[in-house]
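First, one chain by itself: the form predicted on its own, in structure tokens.
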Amino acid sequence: MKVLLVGNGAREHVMGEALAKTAEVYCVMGANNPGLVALAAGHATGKTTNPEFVLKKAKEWGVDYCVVGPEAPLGEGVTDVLEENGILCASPSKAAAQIELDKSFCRELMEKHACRGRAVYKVFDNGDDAAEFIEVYDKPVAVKPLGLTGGKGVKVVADVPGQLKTLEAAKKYAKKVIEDGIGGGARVIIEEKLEGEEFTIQAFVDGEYVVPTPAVQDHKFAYDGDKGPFTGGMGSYSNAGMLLPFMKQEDYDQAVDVLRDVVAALKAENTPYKGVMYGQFMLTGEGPKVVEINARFGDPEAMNVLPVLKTPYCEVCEAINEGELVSIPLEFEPKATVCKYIVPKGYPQKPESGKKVRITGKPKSRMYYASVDKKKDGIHMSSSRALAFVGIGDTIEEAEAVAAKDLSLVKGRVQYRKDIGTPELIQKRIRHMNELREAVRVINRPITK
């Protein structure tokens, strides 16, 4: 079996690794990812968002089907062009990918079909109207550009660096999103600020059937202690099982039901969804609510689930294309994982782009190349995340220790979060959820005489 993989980040590196166990992998990349080059039977660098270029390479290599890693090629119709030319894609069409590409599409779809997990929201194309809504709502909000911002466009009202400390700041940012076209459009979503713990569930979808993977928690803030500006994700962890330490089984089940609702809604709109669907949720004291739905694997979350997937990834992709996921028993190793990202100094606000990075030993964890470019004089970082180290163990603590030790092998102008997956941070998450659940229990307690 020959498989085409589109993309060149750490997410695509781990996807390629999983595919290469049972298939020949061919890669179309935007930059020269050393990890993908090493495992690929053939590779080419070029514009991954150019459907004709991707199609040309797919025909040249005679691939059987394609898997797309990042969201941008989906938005440019790469999968549509491939399928029109007889090459199946275990990734969504441009129309189905609107679930991520246009946040208003997602909210309106969920509202129309009464999907569970909805948050209070409103969409604006006028800055003054958005500011008036924030004024009247008079509660902390999240301000979200409608288009793609690489995880760095959303801001919430919170008294931390890089966020909106007041409602007045939220009004100004809402106007800026519209006036500057942040996210590629001229509209903004104002949404209730959800209080709780974020988590991700990624699921394989064949148009109708939804098969979930273990829950993962990403860490968006740049610095230890959940401080600093939002990033694309500094690292993540999963437990030895499907649940995170602060979750209950009913939390997981309710989140999966939300994904099923969304898939059913898309089918009802004659826009069947196939590929990976990524649900980012906020676990509140009353249960999970949707932060966003994405049309692909998460980065870094893919690096938590694919290394412990026992079922061959190629078989899963084939079942997606054939509409036969129901016949595939999805199995995972009962292992915990911790992913820690190395990023250039100054990331994400003023990253030192173009600096070289060296690995001075053999990592014991899984190492995945992200936004780097291999040149004759070495590996150069871009302005984004560079290297990911994934520790695997019987417990989160064991996995964290493996990943943490390997970070010292990296030499260069880099930084990283030390606290991801540590017992202290996880206990903080557990206490936070216990407090939120207790607050809801007290509010809902029956009044007795």
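Everything numeric in this text was worked out from a predicted model, so none of it was measured. When you see a residue number, it is the position in the sequence shown, counting from 1.
The same protein also exists as the form predicted together with a small molecule; that form is not shown, yet it is the one meant from here on.
Listed residues Leu243, Ala72, Leu309, Val291 were compared with the small molecule in the predicted bound form; Val291 is the one with a heavy atom within 4.5 Å. Contact with the small molecule in the predicted bound form, defined as a heavy atom within 4.5 Å, holds for exactly one of Thr213, Asn321, Ser365, Gln280, namely Gln280. When contacts are judged by a 4.5 Å heavy atom cut-off, Phe230 counts as touching the small molecule in the predicted bound form.
In the predicted bound form, the small molecule sits beyond 4.5 Å of every heavy atom of Lys94.
Ala170 falls outside the set of residues with a heavy atom inside 4.5 Å of the small molecule in the predicted bound form. The small molecule is not shown here, but in the predicted bound form it comes within 4.5 Å of a heavy atom of Lys144. Judged by heavy atoms within 4.5 Å of the small molecule in the predicted bound form, the contact stretch among the candidates 184-192, 204-212, 108-116, 246-254 is 184-192.
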